[in-house]
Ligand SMILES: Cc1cc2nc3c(=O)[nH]c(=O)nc-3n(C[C@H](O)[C@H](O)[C@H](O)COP(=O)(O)OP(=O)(O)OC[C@H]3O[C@@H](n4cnc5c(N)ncnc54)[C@H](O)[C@@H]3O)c2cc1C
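Encoded as structure tokens, the following chain is the form predicted on its own, with no partner shown.
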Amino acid sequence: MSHTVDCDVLVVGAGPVGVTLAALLAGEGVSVLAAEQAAEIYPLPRAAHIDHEIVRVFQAIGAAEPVLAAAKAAGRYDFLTAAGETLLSFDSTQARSPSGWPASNMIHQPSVEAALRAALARSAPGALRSGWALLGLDAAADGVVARFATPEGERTVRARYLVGCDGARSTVRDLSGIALEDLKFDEPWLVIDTIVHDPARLPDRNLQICDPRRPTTCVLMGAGRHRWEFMMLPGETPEQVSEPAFIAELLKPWDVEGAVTLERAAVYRFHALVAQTWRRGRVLLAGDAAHQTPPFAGQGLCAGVRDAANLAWKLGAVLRGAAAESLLDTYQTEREPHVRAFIDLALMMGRTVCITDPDAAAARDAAMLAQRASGQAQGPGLGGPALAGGCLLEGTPGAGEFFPQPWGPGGERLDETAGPGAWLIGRGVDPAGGPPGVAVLDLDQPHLQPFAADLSRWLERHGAAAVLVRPDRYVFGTGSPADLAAAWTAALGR
């Protein structure tokens, strides 16, 4: 017997991206259901890294501290030759990131997922449905009907929108007939996760060993774990490289016998793929369903969480009647160039690492060592580009930038003080003069004093009287309060 459950948004896939999206939507006052095929959280590590911006998104749903409790702040990320010379170096040890959280964090994904699910349970009790496998979907102009196989039998869900967060092998993407663009990177690697018993015997930074004999990655993980990744060589099979004796031989040069124990070994193909469209009517894609990147920049999970933050406030505004449905067209317009920038960075890193021809590797080493010796930058920063196009007041200073979160001397944070939703920030602004749904924040207000100096400096640096900050904490634009209010109303299609 088939049953019906109705909601505003159906999220298919309850990994970290899907659960984050569901929790953000619940915060928007949207009724949401998150359906996950697996019965339980996958118990072994997968994603390794999140940056400060992602922690700020988790902060918005009350999960930042639990996530960081099982994480480890990362410092250096060095690319080395086989002889140990530094080719590239990324340094995230700055004392203060734009969000106030540690700039770079190595995580334990099962712990992250548990914290996110707890946050969802607080904001939308009963929204998570585990053991639900998508069978089919029918999309119409006014909504989507999805069928699931569940432990209690087949269920039908009717939703106004459906978001596929169901990973690289997305059933939603396949059922919607959305093709992938192949960016021509496909390399098989053996991933080895270990539990650490003696951290003093392990490297204190993340490493890429650009050794043509076998390119290797060595990274810190959260919750007392460490990971190695070894590029597979031609002729090697997944079965061969997964043998305990083979793994022991790979780890032998690291001299970690007794310092770690093996938790798992798995072969992955590192891909670079982007869906040709991220929205087909009432069906949207996010996370790995929409884009996949090699792991070298540590931005795969970050990109998916940014998708969730971008999409949640837009869906919320549309469903509340505060914005036209055309606002959803800005989702891919804004996110795809940002995603591609990080994929390009990962491809640059991967193509630097994955050279196995000795002569080509020697030429690479000589060129990059000479570049470093000339005093050029040690490596590009991991901060993403500003947004362009979409829901922005383009041409105004700061439009599309990620807006900072000052912290007060007592640990106060701007986001909690100012509250959710969009902000119009300035000095001498009329608290009653903002557009509907936008909090007007006068820097002379007493509760904003812990942050007033930092916010004033931001405005001065951009030569702006006021700034309108979107709910995902990207800058809509700068200018006079009246002009910003009018432009925001127009951008939402009201």
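Please read all numbers here as calculations on a predicted model, not as lab measurements. Quick note: we count residues from 1 along the sequence shown, nothing fancier.
Keep in mind that the form predicted in complex with the ligand is missing from the display, and what follows is about it.
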Query - the ligand in the predicted bound form reached by all of 14, 18 and 132, non-hydrogen atom within 4.5 Å - result: yes
**Report entry** Listed residue that, although the ligand is not shown, lies within 4.5 Å of it in the predicted bound form (heavy atoms), from 110, 397, 421, 167
**Finding:** 167
**Report entry** Residue (of 464, 440, 452, 47) lying close to the ligand in the predicted bound form, criterion heavy atoms within 4.5 Å
**Finding:** 47
Report task. Would you mind picking out the stretch of 177-185, 290-298, 120-128, 233-241 that comes within 4.5 angstroms of the ligand in the predicted bound form, counting non-hydrogen atoms? Result -> 290-298
Query raised in the report: Is residue 425 a contact residue for the ligand in the predicted bound form, using a 4.5 Å heavy atom cut-off?
Result: no
Query raised in the report: Does at least one non-hydrogen atom of residue 53 fall within 4.5 angstroms of the ligand in the predicted bound form?
Result: no
Query - residue 468 within 4.5 Å of the ligand in the predicted bound form, heavy atoms - result: no
Query raised in the report: Can you check whether residue 302 is within 4.5 Å of the ligand in the predicted bound form, heavy atom basis?
Result: yes
Report summary line: Across 257-273, the residues having a non-hydrogen atom within 4.5 Å of the ligand in the predicted bound form turn out to be 268, 270
